[in-house]
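Below you will find one chain, with nothing else, as structure tokens; this is the form predicted on its own, and questions on how it binds or moves follow later.
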């Protein structure tokens, strides 16, 4: 399959994954945001500050859903491009397993590791003056996490030809845990602290539900993209005449 039809399927998978996340955000995450905003407004009222929101909550929710869909399409495009570049190096059974493996790596490097170090916070948590610092820290960790994933992938290929299959998996797991544990240990923590007005339950609910949205995105993208590619492969095989039939026609 050439790059363009592969990318098209990745975009479709990203779109569908983005739609799933948009529904999830509206049904699961938005209620916790409403609770956090209520706490924030109560704290502002106690201090004599009744700030008006720039956009109504309905507009914010619609924007959040649209952002989820756009993000899904963008991630799908990047994922499809990366898959097209490394597909020939993945010595796995079929398209579904190859896509699933790459999606698992992407989820770990792009979603899991940053979420462990810098988990999502609800409205009212964080100093607006530290947004630049927090963004820089997050992007730096994201870049290093992706770089580590690339290095570990090359290490896996190098080990495959030098150690027994049973030792290959164990060594790769040890190297992965050690590398990412070191990365998480050396990167600086968030400059902000959690205010007393935000309950631990609200914070925990928001972070868990936000992480669930990331997991759903990668699960939907990997499943949808793998299914679309496998379906294309099956149709190609069905359309290709067998050698016996080709000889008969000749």
Partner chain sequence: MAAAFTVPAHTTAPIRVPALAWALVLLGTLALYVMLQENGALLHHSWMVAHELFHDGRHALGVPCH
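Fair warning: this is a prediction, and the values are worked out from it, not measured in the lab. Positions refer to the first chain, counted from 1.
This protein has a second form, the form predicted in complex with its partner chain, left out of what is shown; the following refers to that one.
_Let me test this: is every residue among 1, 33 and 153 within 4.5 Å of its partner chain in the model of the complex, going by heavy atom positions?_
Yes, each of 1, 33 and 153 comes within 4.5 Å of its partner chain in the model of the complex.
*Is residue 59 one of the residues lying within 4.5 Å of its partner chain in the model of the complex, judged by heavy atom distances?*
Looking in the model of the complex, residue contacts with its partner chain include residue 59, since a heavy atom lies within 4.5 Å.
*Partner proximity in the model of the complex: residue 78 to its partner chain, non-hydrogen atom cutoff 4.5 Å*: Looking in the model of the complex, residue contacts with its partner chain include residue 78, since a heavy atom lies within 4.5 Å.
*Please run the contact check for residue 138 against its partner chain in the model of the complex: heavy atoms, 4.5 angstroms, yes or no?*
Contact check for residue 138: yes, within 4.5 Å of its partner chain in the model of the complex.
*Counting only non-hydrogen atoms and a 4.5 angstroms cut-off, does residue 25 reach its partner chain in the model of the complex?*
Residue-level check for residue 25: yes, a contact with its partner chain.
_Of 184, 219, 67, 38, the one that lies within 4.5 Å of its partner chain in the model of the complex (heavy atoms)_ = Exactly one listed residue reaches within 4.5 Å, namely 67.
_in the model of the complex, residues of 151-189 near its partner chain [heavy atom within 4.5 Å]_ = Contacting residues: 153, 156, 160, 161, 168, 169, 172, 176.
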